[in-house]
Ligand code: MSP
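What follows is a single chain, given as structure tokens, in the form predicted alone.
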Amino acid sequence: MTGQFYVTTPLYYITDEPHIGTAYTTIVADVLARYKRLLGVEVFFVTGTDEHGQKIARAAAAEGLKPRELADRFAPKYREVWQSLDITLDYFIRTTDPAHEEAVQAFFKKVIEQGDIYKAKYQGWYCNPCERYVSEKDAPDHVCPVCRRPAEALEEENYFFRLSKYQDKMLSHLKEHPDFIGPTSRYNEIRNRVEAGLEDISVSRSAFDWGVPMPDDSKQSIWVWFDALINYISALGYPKKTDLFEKFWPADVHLIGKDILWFHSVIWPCMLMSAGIALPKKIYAHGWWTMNADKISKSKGNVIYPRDVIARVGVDGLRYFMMREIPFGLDGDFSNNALLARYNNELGNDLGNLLLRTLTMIEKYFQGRLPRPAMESSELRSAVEGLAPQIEKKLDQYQFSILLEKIWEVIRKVNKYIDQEKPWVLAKSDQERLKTVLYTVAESLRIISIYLGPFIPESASKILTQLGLPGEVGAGQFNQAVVWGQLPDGCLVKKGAPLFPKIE
């Protein structure tokens, strides 16, 4: 497979270091990016930090800092956490980058040239934590419908964007592209809202100056959401017609949380229509991680940080749990019991012990050199070979947890195959059959490790290394995985420590 793939996460507010909610979106993006590279696709993967707006200004003031000082403190923490999670991003963008700020102003000027910006008074409600305007229709009690905190009364003369002008075009796009928003429940939600009518929105603020200045009006700052959304093209070099922009836009998928779906699936496309730029191919909104059915967030004080989970189950333990525990798109509850059950039972017993017992037998019966017998067909080989088409299909459908279950079904079949064939008995009675059985198991592990590489990269590399192969699961290896019999004759295995030591 060839081609390009552009995947993004939302930009994260820099009022604290990443928690598992923000880590989730980034891990999902990384899994997609790694899989596409595995297939031989050229990938561009962008994440970054949202550093403008009143929320940041207030958080900085509360600590006696300037907003830029707060941003400079936390932006590196995001880089550090993503590195600790084995995130293979291609570009990290900050909205305070001069190139991004210039792109925002250039974009805004294009929208002005279309006659889509006008000045008027905004009188209503505003949720500072979410940086969103709250209408009477959405919140007659003046409580933000997303974070459930009181909105603030706001009266300012601002610049407005003619969102209403694009209602028909937006609705036509949704009808013509029913897969534009995922999952389907979110598509239906947005389509119903667009059919109910779009209203013009305020896209500037005058009460504070921590933002990108309006073109030709330095007393106004561009609304933080209008600013932040443009990162998806400024990261590619917009407004210049760079090679990156020409190659990767429109984005293949914007991965986001469901709470920011409206901004991405309606406001952003209408902004692009106004500026004459192609729309992204897909917006996919996942659910929230909860604890005791309450959304995990900094403001609620129930944050779980990746570093704490990594200290308990390792990087791959966290990555696996978050991708396996819930279907992508739904909410999921984070519990220590569920985390340890996935780690001990699936990673430890099913996969880790499978590798250990296999290598132990190869060392015991063949002095660590895996013999290559005549190839034979078997039910297990068919099951392993049958994974390839399922992987591509489930990936395209964003069904990560189902994909992992399909892989684990095969892992369990490998364990069952060992129990049925009884290599310890064959060692005394049938050396040729023993060679076939152990090669079949080791070759199954080789292929499975490549398929697991995007999910648990460190452990997948260790499996390959212990099988006596180059360790890295890298670009273009998918084709190697689908061809049975790649383990060479006399391959010297290198048994190591258990991949996933049991945690009590």
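In case it trips you up, residue 1 is the first one in the sequence shown, and so on. Just so you know, these numbers come straight off a predicted model, no measurement behind them.
What comes next is about the form predicted together with the named molecule, which does not appear here.
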item	value
The named molecule: the contacting residue among K282, K394, R324, H286 in the predicted bound form [heavy atom, 4.5 Å]	H286
Candidate from M271, L403, L229, V104 lying within 4.5 Å of the named molecule in the predicted bound form - any heavy atom	L229
Interface stretch in the predicted bound form with the named molecule - options 252-260, 423-431, 210-218, 81-89, non-hydrogen atom within 4.5 Å	252-260
Close approach of W225 to the named molecule in the predicted bound form, 4.5 Å, heavy atom	yes
In the predicted bound form, H264 touching the named molecule (heavy atom, 4.5 Å)	yes
A275 within 4.5 Å of the named molecule in the predicted bound form, heavy atoms	no
The named molecule contact at R342 in the predicted bound form, heavy atom, 4.5 Å	no
